[in-house]
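Heads up, the chain below is alone and in the form predicted alone; it's given as C-alpha cells.
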C-alpha cells in the first residue's frame, strides 16, 4: 500500500478482514519468505474465506514448474489451506479451486461452493441479512415465478426459491453456473432452472427472436413471472436491460454501486415506484454500500 507521499506503508495486520484471513496472512508471509521458489516473482495473493476453509491464490510473473508445485503443496498442507497458483493465463490447482461455505438465512442453513476467481459476497453476516430482507419483502407480495438475472452461484436464488413456484436464473459465467447447479443439488432445491445466457440473450429468447441451444428442454412459455431479481455488477444495467426490467410487475434490485443504482431507478421510475429500500454496509469505514430496492409497477 502507498501513502499520500507515494512511499510504501507497511501494514502488518488488517483487523477489518475476516478473522481467518487476518490470522493466516502473517503465517503465509512467513512461510513464503523461507522459500526461494515460492517468493521469487510473486506478484500478489488473494484470499477467499469460507466456513470450511480458506482458499489462497498466488499470482506470479514466472512459469510455475514442478519445484513450485512441490513446495506449494507442502505449504498448503502445513497451513491447512487450499492453494491455487496463477501465471500468465495458467492455473495450477493443488487440491481444490473452491471451498464450501455455510450461510444462515432465517431458519435454514444453505451450503455454497465458492469457486476461485468467481464473484461471491464478501461479508457473510451482512449477506445473510440482505437475503433475509428480500424474503421479508416477498411476504407482502403475490409470488408466482421468479426470473433472476446475474445469479452467480445462486446466492439469492436458493433461499428465494422457497417463495416461488418456479425460478429461472441466468448467468453468463460457466464457472458460476457450474457452482450454482452443484449448490442446488447439495441443498436439495428442485424448482430452479439455471441457464447460461446474458440479459440481452434472454430478452431475445423470451421475445422469440432467437433460439438458443442452451435453452433446449426449457419451456419459457411455462413460466408466469411475478418478480424479477437483478444483482448487476458495479456498472449497473444497460439501456436494454432497464427496458427489459420495466416489463415486470415487481423488480428486486440489489446494487453494489449507489450511483449506477440511482441512474437505473431514474429510468425505471417511468414505469415503477419504490416500495421498499435498505442499505447494507458490507465494507465498514469505506464509501462502498450495498443497496436493496423493491419496485412495483405504477
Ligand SMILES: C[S@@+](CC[C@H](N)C(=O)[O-])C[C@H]1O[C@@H](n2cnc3c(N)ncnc32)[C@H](O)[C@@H]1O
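All of these numbers come straight from a predicted model, not from anything done at the bench. Residue numbers count along the first chain shown, from 1.
Another form, the form predicted in complex with the named molecule, is not on view; read the next lines as being about it.
A heavy atom within 4.5 Å of the named molecule in the predicted bound form is found for exactly one of 83, 151, 192, 147: 151. Note on contacts: among 258, 26, 233, 44, the single residue with a heavy atom within 4.5 Å of the named molecule in the predicted bound form is 233. Contact annotation for residue 101: none of its heavy atoms lies within 4.5 Å of the named molecule in the predicted bound form. Residue 172 belongs to the set of residues with a heavy atom inside 4.5 Å of the named molecule in the predicted bound form.
The closest heavy atom approach of residue 113 to the named molecule in the predicted bound form falls outside 4.5 Å.
In the predicted bound form, the named molecule stays beyond 4.5 Å of every heavy atom belonging to residue 183. Per the 4.5 Å heavy atom criterion, the named molecule in the predicted bound form is contacted by stretch 116 to 124, the sole one of 217 to 225, 116 to 124, 93 to 101, 69 to 77. Taking the named molecule as it sits in the predicted bound form, the stretch 190 to 219 comes within 4.5 angstroms of it through a non-hydrogen atom at 197, 198, 199, 200.
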